[in-house]
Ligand SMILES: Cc1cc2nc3c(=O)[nH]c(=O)nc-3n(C[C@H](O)[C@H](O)[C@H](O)COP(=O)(O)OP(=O)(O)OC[C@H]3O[C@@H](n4cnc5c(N)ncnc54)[C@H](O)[C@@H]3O)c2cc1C
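Taking the form predicted alone, here's one chain by itself in structure tokens.
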């Protein structure tokens, strides 16, 4: 006999588990089906463990700077296995926490592989066999996985994907990172800090290509200063694997260069996990591996929603979680507001950190806005200097006619925490006047946010 629910969520990543909990809070009978790990890629193999590893490399970097702070640190080194063990422990702790939250909120957890089996029906293959579940509403939250390009497929020894890079079989000596989006540049930053001779290849005209051009240029300058080799407008055409070496054929400027590495990390984007779900049979449209939805994450098939990475860009955990809440509230009869992609911040935890929300300067101009741009450097901020982090920039973009905050872009220490101030500002439809009249505490890095706004209107005080 089939189990019956008000809402069934397929996938327990940051979109799925949040949707399930919110649905249960609203009084719905909810089940969440997961084939591998509670918490999905983000918690187990993405956002969380990478940040744990990056924290280790950050501390290692600071240890080498001890003398600057009047401190002594001798015999500085690292234990890569211990760094990885800590990272995996952090992920395990949080994954177990989701199981606790499911029990607390009375969400039924089913471990297995799910397939749509008709209107309001899902079949699940578990280790005990196949069972059928019925539900008034079904939420697809199966996420995405690393894209694999022909000839660049990971083997776990010489060529790694993100999973291999999180559990490295060895410490790279000469490392090639293919792709300079958030995943690629974070791994490049981690391994470069630990001493790997790191080369980053990016097919676009600059590293971190989704960011504002000025921020990308600033970040690149810091990466090069740290010893990275950055190759832009470049493509890895072929990898020759022999013994313990990889020869990369890299095309740039109409010429092909061959370079030898002992490790390659492929970070060339993601593809949605659409296989085996029965989407085509259900009449659900898929475009370039992602489910097509409207602004409320509806698939066009009655009672079926898709959220998170499966539903397309921006591929961010916090976007998935917010969509999960919105869909749960919609299913429960509420009237939530749709997600505004332009008000979702992007954060990259390389060194220096990069964070942004809204339009870049180029996009604002393309959209026809008469803009006002403000900038403030970290070197003009007392807290940044006291921290020993004087390299950075805060940039704000306003509509010159209305004072609307169109975008904010940052590079430097802790900007992934600072960006939320501008996110709240955009959500509240803040104008430049509101921000200029806000009192920012001193001494803080956040004062640079204020000064950047003031600069857009010719009123900066400290620079």
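Because the structure is predicted, anything quoted here is derived from the model rather than measured. Residue numbers count along the first chain shown, from 1.
One more form of this protein exists, namely the form predicted together with the ligand; it is left out here, but the text below deals with it.
> Sort through 422-430, 32-40, 56-64, 402-410 and report the only stretch with a non-hydrogen atom within 4.5 Å of the ligand in the predicted bound form.
Of the options given, it is 32-40.
> Applying a 4.5 Å heavy atom distance criterion, does residue 107 contact the ligand in the predicted bound form?
Taking the distances in the predicted bound form, the answer for residue 107 is no, it never comes within 4.5 Å of the ligand.
> Wondering, does residue 223 line up within 4.5 Å of the ligand in the predicted bound form on heavy atoms?
Taking the distances in the predicted bound form, the answer for residue 223 is no, it never comes within 4.5 Å of the ligand.
> Taking the shortest heavy atom distance, is residue 45 within 4.5 Å of the ligand in the predicted bound form?
Yes.
> Can you check whether residue 187 is within 4.5 Å of the ligand in the predicted bound form, heavy atom basis?
Flag for residue 187 set to yes.
> Among 215, 317, 264, 350, which has at least one heavy atom within 4.5 Å of the ligand in the predicted bound form?
If I apply the 4.5 Å criterion carefully, the residue I get is 317.
> Since exactly one of 143, 358, 168, 374 fits, which has a heavy atom within 4.5 Å of the ligand in the predicted bound form?
Residue within 4.5 Å of the partner: 143.
> What residues in 4-23 sit within 4.5 Å of the ligand in the predicted bound form, counting heavy atoms only?
Sequence-ordered list: 10, 11, 12, 13, 14, 15, 16.
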